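In structure tokens, one chain follows: the form predicted alone.
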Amino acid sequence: MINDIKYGQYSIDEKAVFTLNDHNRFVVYRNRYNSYVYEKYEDEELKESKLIASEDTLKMDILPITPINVPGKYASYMMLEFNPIILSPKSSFTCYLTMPVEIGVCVDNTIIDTYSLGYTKYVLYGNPERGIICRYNKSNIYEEIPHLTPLIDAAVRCTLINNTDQLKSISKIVYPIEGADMYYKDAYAYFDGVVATIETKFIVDIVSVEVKEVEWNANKTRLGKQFKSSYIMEWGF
């Protein structure tokens, strides 16, 4: 039985039990010489069973993934809300925020199952006609990399830039997450850097958001998904 789960790859010869928390666990065991059985349990109730064909010792990866799968694929964006940060004209501020993550169970770099151990909340950004559904999280603001809850949240390095000639206040950012790879070390997860630039376009203030690679001291997932790395916030910040 594996209770102290860390991100990374596991070799399963005959059987392994992975306990994620008091309510979620999964079991993987060899069924025949050329196959394994994957069983998912919630509160001791078998929820799902899958057969994995493999004549060799099974290599299974447990990785942090962006939170777009549980309970369903409702959002491709994340909204992080925080206490207002006031930016002087032509200034910038870098801080750390936290976002939720999901756990991806992968075989041969393909996700076969997902788990979410934290609280799930969604919010609409914009108006009902043209707005987008976002996975939502209220975050504290940290000057340094914060202490993270293993398997539940991830650190995000955020740079806020005021490119205008006036004082501006910002209290939320919206950025794309679908398809993005993440970083991991032990049971801790990290997202790439988010750069949010306040600009004035045709007398209206907008925020140009771009996800940029960060040199975290950690491993990076390589799931090879297509990822759109930018977004324009037009409905307030």
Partner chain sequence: MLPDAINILGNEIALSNLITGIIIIASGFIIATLVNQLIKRVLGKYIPDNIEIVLKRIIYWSIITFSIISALSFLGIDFTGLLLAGGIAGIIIGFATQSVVSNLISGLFLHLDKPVKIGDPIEIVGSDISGRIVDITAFSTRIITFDGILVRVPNDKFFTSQLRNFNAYIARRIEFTMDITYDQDINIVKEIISNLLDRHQKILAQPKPIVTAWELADSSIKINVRAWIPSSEWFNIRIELLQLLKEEFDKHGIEIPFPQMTIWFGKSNQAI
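Positions refer to the first chain, counted from 1. Values in this document were obtained by computation on a predicted structure and should not be read as measured data.
The discussion below concerns the form predicted in complex with its partner chain, not included here.
- In the predicted bound form, Ile132 approaches its partner chain with a heavy atom inside 4.5 Å.
- Within 4.5 Å of any heavy atom of its partner chain in the predicted bound form lies no heavy atom of Pro84.
- Taking non-hydrogen atoms only, Met79 approaches its partner chain to within 4.5 angstroms in the predicted bound form.
- Although the partner is absent here, Tyr115 lies well away from its partner chain in the predicted bound form, with no heavy atom inside 4.5 Å.
- Between 146-154, 85-93, 99-107, 122-130, the stretch whose residues reach within 4.5 angstroms of its partner chain in the predicted bound form through a non-hydrogen atom is 122-130.
- Shown here without its partner, the chain carries Tyr142, Tyr190 and Gly193, none of which come within 4.5 Å of its partner chain in the predicted bound form through any heavy atom.
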